[in-house]
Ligand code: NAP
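Encoded as structure tokens, the following chain is the form predicted on its own, with no partner shown.
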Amino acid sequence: MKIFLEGEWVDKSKKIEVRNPYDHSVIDTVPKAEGADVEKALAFAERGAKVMAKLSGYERWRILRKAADIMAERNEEIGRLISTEEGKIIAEGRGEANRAVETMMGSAEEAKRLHGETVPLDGDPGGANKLGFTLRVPCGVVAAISPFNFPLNLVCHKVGPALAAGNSVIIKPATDTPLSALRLVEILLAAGLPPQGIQCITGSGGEIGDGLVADPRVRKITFTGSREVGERICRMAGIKKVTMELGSNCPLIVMPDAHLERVAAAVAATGYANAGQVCISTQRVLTAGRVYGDFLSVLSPKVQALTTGNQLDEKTKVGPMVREADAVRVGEWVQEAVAGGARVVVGGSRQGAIYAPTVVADVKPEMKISCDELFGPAVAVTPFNTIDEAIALANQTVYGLGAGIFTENLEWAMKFAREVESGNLHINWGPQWRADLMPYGGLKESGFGKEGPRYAVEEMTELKMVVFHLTQ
């Protein structure tokens, strides 16, 4: 595929190969953009921002809604593309394609809802004969930097609200999975988006990403990725609006009154989807000592039943990781925990980029598999005695994106909700659950700002205050 730059589909001599993580076959190639291309994109986007700002809310709604309709019509094609380039199983690829439609539809609706409000200035001692109201206006140029693990829906969570708000957008997709983002650009153009409204350039994060985020013509950065890269972007960004959706090592607390079959089913669903490459995957299962052994006995067969293999095979439940190097790293972290006294209950083996769904028991909080972000198909099980201890363990991290608890006790559930330091809290389910319309974002070093079309549109606009000074 080609990149979309300055209103044209552009090819370049230097290429990046996009490979299927399962068999490492080349699916396609994309151009390797350079610093000069960033400058072209920025100059064009600056002009494009003026074009987008002149579109009415209805026109932006119509474009985004038509794009969503096209995406829905091409669901199977898009779902297969997602699975092929990223490695998630075909059922998850189709699911992501469906979610992306909803994200674009939600963004379309928000294009109609941009409004200010009146401000009661006469409530101020000097506010007599003053009429005040606010206007919400586009930021201008938005840089959208997306990760590999949801190569379409997370792009839509950035592009949809940015366009709904009247901005121009430059997409920098993940180098491993650029095809879905480029396909989205094709669809938006087919839906009638002015070419000045969007660009998509592929290349190394160091060269392309750094050039985008440091430039003052970019007025808004929306980034999803690792804490380390997010911190780097924040240092380079200067004075501009920034949304950071970063990593986590999400805990799930299992209280002694929990229904263990339900807990095990939730862990199997939320700990291993997309081979664990989800920032809100269940990673740490903090389990009450009274039910610790019973829980491991119930969980083990459910994890053993998760078949691995070719992600495009309908029977496969867990596909490959995006890179073999990541599967190697997961294995190293598991073995490091075992060397420190933990034990592998299920899994622990690797074949190429496929790491077997794994359960590691007797994990100490200071082990890397617990205190860092694993981003792979393994869960770490740690015992506790009291809910205060469980909450302290849950909060014993720099992260705070998602957390869950299983209990029938309302007091415990409310204590969890009030005291666990996380942006997304789930009662009687694992941390890996997200409705695309909800406010989604983390606390602490998991980032700041919220996604979800309604909330992202606020992040991608500026508020102007207007005051009429009346004579009577």
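Small disclaimer: the values here were computed from a predicted structure and weren't measured. Don't overthink the numbering: it's just position in the shown sequence, from 1.
Just so you know, the form predicted together with this ligand exists too; it's not on screen, but the next bit is about it.
Remark: residue 340 does not count among the residues lining this ligand in the predicted complex, judged by a heavy atom distance of 4.5 Å or less. For residue 357, no non-hydrogen atom is located within 4.5 Å of this ligand in the predicted complex, even though that partner is not displayed.
Heavy atoms of residue 206 reach within 4.5 Å of this ligand in the predicted complex, making it an interface residue. Proximity of residue 308 to this ligand in the predicted complex falls outside the 4.5 Å heavy atom cutoff. In plain terms, the part of the chain that comes close to this ligand in the predicted complex, with a heavy atom within 4.5 Å, is 198-206 out of 198-206, 289-297, 376-384, 183-191. The candidate spot formed by 88, 250 and 320 lies out of contact with this ligand in the predicted complex, as no residue has a heavy atom within 4.5 Å of it.
With the partner omitted from this view, the residue of 173, 271, 166, 93 that lies near this ligand in the predicted complex is 173 [heavy atom within 4.5 Å].
224 is the sole member of 84, 370, 316, 224 with a non-hydrogen atom within 4.5 Å of this ligand in the predicted complex. The single residue of 252-283 lying near this ligand in the predicted complex is 279, the criterion being any heavy atom within 4.5 Å.
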